[in-house]
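Just one chain follows, in the form predicted alone, and it is written as structure tokens.
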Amino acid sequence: MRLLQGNEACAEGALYAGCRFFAGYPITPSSEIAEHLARRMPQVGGTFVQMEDEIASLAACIGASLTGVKAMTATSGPGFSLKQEHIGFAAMAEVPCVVVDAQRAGPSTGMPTSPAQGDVQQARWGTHGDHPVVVYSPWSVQETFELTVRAFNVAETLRVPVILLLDEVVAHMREGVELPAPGRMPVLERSRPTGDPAAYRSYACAPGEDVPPMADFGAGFRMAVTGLTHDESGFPSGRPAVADALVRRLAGKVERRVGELAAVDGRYLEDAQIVLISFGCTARAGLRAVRLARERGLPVGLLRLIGLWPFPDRAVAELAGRVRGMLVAEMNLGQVRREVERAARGACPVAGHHRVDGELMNPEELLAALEVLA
């Protein structure tokens, strides 16, 4: 057991998952991740680099990942905006990497030391074009460790950028964390080619598969990597059929795994008639509000979103079909509420409770909002 800050738990989770390269640029409230890894990376034989800016930071991670090293960067809202071009490149070139965004109040510079949850839609649609992305949002320091490991596992096995959406509260709070012994949590590796290097094609999948094996740059395989639309060899192609097959495969390798990627946590849902939906630090206040409502005899439950993207449509739709209403609590002006409304498809009313003043929601205000619906 260790008493760790959320950012420290994220750094330790990365090391546990096998991350051996970190490139970043200091920015509140994520800076402790870089500070912690600046000390720890050399201890495990890894590399820490403070880059000149956020754009270069993710570029360095992409380069490291192409050589076979697990890589991560960390930032907050303004830096996350700068990383979007390279998130798109990593998605198109299928380069595994983990990007941590410790959200703070915005837009622009906003309030650097205040919490928010306003980067949800940017995490999904911040870069251009139809692209695959997986996003997780922890609500505790322990879960920050665990989801960091999971983020690396998904990034490596699907060859996609995975985003860990922290928030200032979870990033800076301290809680007891159980650090598992090596081997207790699964640590997965990318699939590497085993055949003749001369016959290797950078983006050719085995029959029935949708994720191509990935050779390490410098290991004797001829590699072509580009952000342009490309064929299986990795060389650019403007042929419509090639572009269509590529983009559909990139999106499909995530869409076909929604059941395992769209993680949720349900509390008191068996007999619930009103469901509070939330994520991250706000869900902590939400759980307390649900318990207070239960003490007053109100049939209220909590659906906590762990995986934000791909969105858990099925879980929301199933609940919408049997409850009287839903309340979405989030520290933005409705970025998740719109997704809940879409998934519910009018089966029940969906209300929102939003804060954008840099203050954490409290259980009492959420209880009052639940009482209105009940």
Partner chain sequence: MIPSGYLREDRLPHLLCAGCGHGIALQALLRAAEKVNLPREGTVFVGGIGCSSRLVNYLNFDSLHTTHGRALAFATGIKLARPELRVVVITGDGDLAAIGGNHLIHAARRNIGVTVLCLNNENYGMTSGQYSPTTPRGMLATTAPYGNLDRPFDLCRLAEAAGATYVARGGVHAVFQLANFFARALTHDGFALVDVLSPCPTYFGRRNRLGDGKAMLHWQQEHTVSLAAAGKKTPEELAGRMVLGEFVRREEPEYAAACRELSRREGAS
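Numbering follows the first chain given and starts at 1. Because the structure is predicted, anything quoted here is derived from the model rather than measured.
Just so you know, the form predicted in complex with the partner chain exists too; it's not on screen, but the next bit is about it.
- Mapping the unseen interface onto this chain, Arg150 falls outside it, with no heavy atom inside 4.5 Å of the partner chain in the model of the complex.
- Remark: Gly46 counts among the residues lining the partner chain in the model of the complex, judged by a heavy atom distance of 4.5 Å or less.
- Contact between Arg222 and the partner chain in the model of the complex is found at the 4.5 Å heavy atom cutoff.
- The closest heavy atom approach of Glu85 to the partner chain in the model of the complex falls within 4.5 Å.
- Screening Gly334, Gly325, Pro310, Gly63 for any heavy atom within 4.5 Å of the partner chain in the model of the complex leaves a single hit, Gly63.
- Gly227 is the sole member of Pro107, Pro180, Gly227, Gly129 with a non-hydrogen atom within 4.5 Å of the partner chain in the model of the complex.
- For the partner chain in the model of the complex, the listed stretch (317-325, 343-351, 35-43, 302-310) containing residues with heavy atoms inside 4.5 Å is 35-43.
- In the model of the complex, Thr47, Val49, Gln50, Met51, Glu52, Asp53, Ile55, Ala56, Ala59, Ala60, Ile62, Gly63, Ala64, Leu66, Thr67, Val69 are the residues of 47-77 with at least one heavy atom within 4.5 Å of the partner chain, listed from first to last.
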